[in-house]
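Only one chain is given next, in structure tokens, and it is the form predicted alone.
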Amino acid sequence: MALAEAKRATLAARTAGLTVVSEGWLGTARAAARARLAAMGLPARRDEYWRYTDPTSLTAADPSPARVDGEEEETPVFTAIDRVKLVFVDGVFDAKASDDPRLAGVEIERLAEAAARPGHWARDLFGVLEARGQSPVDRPLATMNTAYATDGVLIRATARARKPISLIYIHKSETSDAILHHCIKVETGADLTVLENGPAAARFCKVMEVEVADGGSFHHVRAQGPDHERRAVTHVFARLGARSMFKSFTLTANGRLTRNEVVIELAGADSMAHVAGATMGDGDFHHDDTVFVTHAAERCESRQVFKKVLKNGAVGVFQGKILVKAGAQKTDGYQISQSLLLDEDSQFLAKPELEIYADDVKCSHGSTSGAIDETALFYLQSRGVPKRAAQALLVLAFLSEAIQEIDDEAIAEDIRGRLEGWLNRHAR
């Protein structure tokens, strides 16, 4: 009882200054979210799925100041990709810095503008997947986002998009507190790629709801960084129709605290969902990947591939679950979480789970931690490779399985270049 009261008190302080929208279908969805949130309160360290990550800085009334210190010697990620750029500065859409959305060949609108249209397609998506994702585990920060998000985009693809859509998050104010909510609908047979990059704000809370209809394909690649003092919690909720595909890859380098939650429901037969991440952490760095994949239909495939490289006391967390419901026969579920610890001070905390109610399935999970293979390091050095270069090669080889989840080779090569640059800057 005392804990519940404390969580509600934290909620009251956190939301005291946030904007409440009451008009139209958006107001209705937000009111429902506020009611759900009031029953939950905000997360506390004693909650099962927050035992490895302290949510205090995410739930505090005010964000901790975060110095804006981008890595200027490196060009922004995805610059070589032909894309349609949509720019947000401290959580506010910047139309002047953005491209014409029509260049992508899909429907793109701002959340606030669509709220005035009673029959808008997003009415059946906004907050819906987030609400479904609350069972069996509460995700109150996602519900808070649905209730109070100040901006975001609505994207609907009815065919193959002409270009990837690039969401760029710029951090300018040391005390910015951004809450963004995106809704994405990929119609039958359509194909869409969404890129994300940038630190966004001193504190960032983001939700992305993605519905992929029968035969649709959704590709998602994001790079989180480079500001080190930022704090962020992100959520991706996805529901897949029959024969559809969902792929998401995240590169994280720097950041005081980052928690990425992904909740996927394979609702149609023969669908496929792959979620992967490559993380590089140095020093005062805490990174948490929490993933929940539900197989609710026959012959579906899921992969979770997460690799973390940690040094100088950095902390990595992985909580991943595969739930196979009764009747979801011929399921193929794969989960791997691994860390490469470059010193004795860093930590990797893992909680892999399988819950299976069907009898004709193939599911596996594994989690390992270790240091650089000294034999391989010696072999490379014996062939004339300098020690630092040899270490970088072994780290990149360790991360390669996660990067292979990116289908677009140009994007994958860009990610490899970012990782190599980070290794060079953080070499021992």
Partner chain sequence: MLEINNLHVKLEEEDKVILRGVDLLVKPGEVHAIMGPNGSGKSTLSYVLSGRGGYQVTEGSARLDGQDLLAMEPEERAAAGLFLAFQYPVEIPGVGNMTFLRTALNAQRKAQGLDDLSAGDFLKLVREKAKALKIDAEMLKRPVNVGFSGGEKKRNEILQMAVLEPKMCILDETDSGLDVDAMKLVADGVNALRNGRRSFLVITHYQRLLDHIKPDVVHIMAAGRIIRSGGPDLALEVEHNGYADLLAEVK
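All values derive from a computational prediction rather than experimental measurement. Numbering follows the first chain given and starts at 1.
From this point on, the text means the form predicted together with its partner chain, which you will not see here.
Of the residues Met40, Val68, Cys363, Leu394, just one reaches its partner chain in the predicted complex with a heavy atom at 4.5 Å or closer; this is Leu394.
Put simply, of Ala60, Ala44, Ala32, Val385 only one has a heavy atom within 4.5 Å of its partner chain in the predicted complex, and it is Val385. Looking at 32-40, 49-57, 371-379, 355-363, the stretch with residues near its partner chain in the predicted complex, meaning non-hydrogen atoms within 4.5 angstroms, turns out to be 371-379. Within this chain, Ser400 lines the site of its partner chain in the predicted complex, having a heavy atom no more than 4.5 Å away.
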